[in-house]
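Quick heads-up: it's one chain on its own, the form predicted on its own, in structure tokens.
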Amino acid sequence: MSSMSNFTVLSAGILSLLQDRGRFGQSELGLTNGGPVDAYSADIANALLDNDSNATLIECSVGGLQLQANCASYIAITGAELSVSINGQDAPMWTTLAISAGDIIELGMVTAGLRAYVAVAQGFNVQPQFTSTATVLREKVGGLNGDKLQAGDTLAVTSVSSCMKRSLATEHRRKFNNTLTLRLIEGYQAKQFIATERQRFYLHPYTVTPQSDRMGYKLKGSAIQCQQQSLLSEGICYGAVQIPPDGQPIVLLNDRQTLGGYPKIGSVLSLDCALLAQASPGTQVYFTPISIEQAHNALCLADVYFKSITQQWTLS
């Protein structure tokens, strides 16, 4: 039997947002997608609890989140490396964890990666806005009143008394590197960049700057010049790489604007966008071109990989 209850936010940490998989089909209203920037870690968190893949969870950036459970339930924490404790006792990540009423769940600060995901059995119960619970601060939609979590907030959950305990094998957990290679599918505007500028783009490393967030990652490196400085504004897809007048690439992520007029050399494969979103300033980035067919194959293989690892859970 289950019943409604809640978790209380004791400390929201640096930035904690409620997210489901995102808001789609609303671009004509000017609403962007939102959703977890590291979809793999979020999907694993929900899968560990047998949740629907669109169940609402918390994306905690940098760490510092503290919750108090007011009912029995189960949680799973994935993503960036950080310490996790329940009532002061260390607890593992990437594992189904039983929670009792009154338990205090605390996340430390990240030591690798940037964003951790906290899922609860059956998901946090949040009223969708425009078909989604994804919080986008700029648009003030989703989550609780379109805002980030704050101390004192209560998050409705369903009390759950039983759940199969699972753990993801270490080799399948998110890894963090100081150097990333991002696979890029060139778009129709790539021809606006002459051959030597495209070679410069692929041959030189770029560095993640502090001007990076859920909207986009600003990179710094060898400047790329475009024959055309600006274009008519048009819709922008997830992963699009804009080249503004200073020649420094910007990779646009989940909270990007829906329209833009800077030239775009192509789009980064979604799988690699999730890796970039976990990269801290100073991380070195390379781009490598791939075809649409290669991108399609990579996505199919990733789907097969996800299904295989979630069918071979290690029971805790």
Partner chain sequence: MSKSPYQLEIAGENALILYFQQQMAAEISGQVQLASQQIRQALGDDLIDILPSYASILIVFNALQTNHLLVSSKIKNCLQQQANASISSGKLVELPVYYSEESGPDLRLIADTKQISVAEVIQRHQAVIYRVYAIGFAPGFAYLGEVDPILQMPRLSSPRAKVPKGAVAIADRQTAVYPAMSPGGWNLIGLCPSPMFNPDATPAMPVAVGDEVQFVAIDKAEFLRLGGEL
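Numbering follows the first chain given and starts at 1. All figures in this text were calculated on a predicted structure; none of them were measured in a lab.
Below, we turn to the form predicted together with its partner chain, even though it does not appear here.
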### Task
Name the stretch: of 72-80, 124-132, 174-182, 195-203, exactly one has residues whose heavy atoms fall within 4.5 Å of its partner chain in the predicted complex.
124-132
### Message
Looking at Q68, Q284, S280, S270 here, can you tell me which has any non-hydrogen atom within 4.5 angstroms of its partner chain in the predicted complex?
### Response
S270
### Task
Name the single residue among Q227, S233, N87, T111 that comes within 4.5 Å of its partner chain in the predicted complex, judging by heavy atoms.
S233
### Query
E139 near its partner chain in the predicted complex, any heavy atom under 4.5 Å?
yes
### Contact of E186 with its partner chain in the predicted complex (heavy atom, 4.5 Å)
yes
### Message
I'd like to know if C237 sits close to its partner chain in the predicted complex, meaning any non-hydrogen atom pair within 4.5 angstroms.
### Response
yes
### Task
Classify N54 as contacting or not contacting its partner chain in the predicted complex by the rule of any non-hydrogen atom within 4.5 angstroms, answering yes or no.
no
